[in-house]
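Below you will find one chain, with nothing else, as structure tokens; this is the form predicted alone, and questions on how it binds or moves follow later.
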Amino acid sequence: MSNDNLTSQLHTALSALKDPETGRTLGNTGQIESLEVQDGQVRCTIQLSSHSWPIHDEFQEHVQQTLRAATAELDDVQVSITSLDRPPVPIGQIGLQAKSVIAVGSGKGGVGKSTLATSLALGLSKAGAKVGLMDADVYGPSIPHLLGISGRPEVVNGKIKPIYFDQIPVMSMGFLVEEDQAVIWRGPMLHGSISQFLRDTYWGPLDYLVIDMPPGTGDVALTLSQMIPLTGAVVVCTPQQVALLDAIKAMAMFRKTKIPILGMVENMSGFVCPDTQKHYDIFGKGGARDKAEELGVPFLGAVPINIQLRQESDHGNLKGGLEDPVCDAAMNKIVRSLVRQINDQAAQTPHGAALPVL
């Protein structure tokens, strides 16, 4: 087959692939930057937005497999993935510039929800996405402490300027009240603060806004569902049955407020003694995975109990705790699973098809 005919055949195959973010075919989005074929050697460059960058290596492998499956005449296939600048379209009546809004909740306190929400934001940002982090746990705002950041947000041109951690804009009630002061508010005031955080904060263009929800099944989920179309919720729990019962209530709350469940995460999932390397299932084993399967909810992954993570979080250096290889691997898996699940939602449109798990 001539190089021109082979190029045309391969271009047709690539054009049928789906962009993970939008679910639209690459032939319709113009993301095939280049395709060169010469004597069985293929060089291809595909553009991918930062929203999908956490799984760009998986997409790259998917492209390679598609090219090889299109013809047996290829000796070498090289695929490059380059960044595509695709700004978000403002969503909701408040015009929030975020492609995906993720609520992280639990049915009860003490399961590590805030730590997991913060870790998700850090993991997505580390993977190349543009991320914002909103602490909607008004009564117990712990994200400023976990990240070791403080300060009083300024108002510039009518917008609240968030406090930044690295490249991540962060907004929390913890910036507005003293550490030893309690927030004693009724529902309308709570609604007003959440509305102001979303509407009046200058978040800038984001791929993901991660929202740390208050524990339990209160007013915040209803407020959020009324203000913006949430992409979905991540439910955090520990393995034991009493925590799972509360997690089920949290999922029921999200479903009643029309918020899709993106998946469950099992936190404090076992402990490996650093001295003996022996594994202890302190809170039981696999409870969240089993419950997720029973309820037909995706299981995103598990995070073990980790001494370094606990110590660094107490010292305001959660990012340092995530450098532990065990925690890093666990969070990387959860971030990838979450992005795939969001892509699956895009694939439910008439234009979309899911990216396979490689």
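Please read these numbers as outputs of a predicted model, since none were measured by experiment. From 1 onward, residues are counted along the sequence shown.
Heads up, the form predicted in complex with adenosine-5'-diphosphate (ADP) isn't pictured, but that's what we're talking about next.
Each of 113, 268 and 310 is positioned with at least one heavy atom within 4.5 Å of adenosine-5'-diphosphate (ADP) in the predicted bound form. Of the candidate stretches 286-294, 302-310, 61-69, 29-37, only 302-310 has residues with heavy atoms within 4.5 Å of adenosine-5'-diphosphate (ADP) in the predicted bound form. Although the partner is absent from this view, residue 257 stays clear of adenosine-5'-diphosphate (ADP) in the predicted bound form, with no non-hydrogen atom inside 4.5 angstroms. Interface membership of residue 57, defined by any non-hydrogen atom within 4.5 Å of adenosine-5'-diphosphate (ADP) in the predicted bound form, is ruled out. Although the partner is absent here, residue 323 is not a contact residue: none of its heavy atoms lies within 4.5 angstroms of adenosine-5'-diphosphate (ADP) in the predicted bound form. Among heavy atoms of residue 109, some come within 4.5 Å of adenosine-5'-diphosphate (ADP) in the predicted bound form.
Here is the short version: of 225, 193, 142, 240, the single residue with a heavy atom within 4.5 Å of adenosine-5'-diphosphate (ADP) in the predicted bound form is 142. Contacts between stretch 322-343 and adenosine-5'-diphosphate (ADP), counted in the predicted bound form as any heavy atom lying within 4.5 Å, involve no residue at all.
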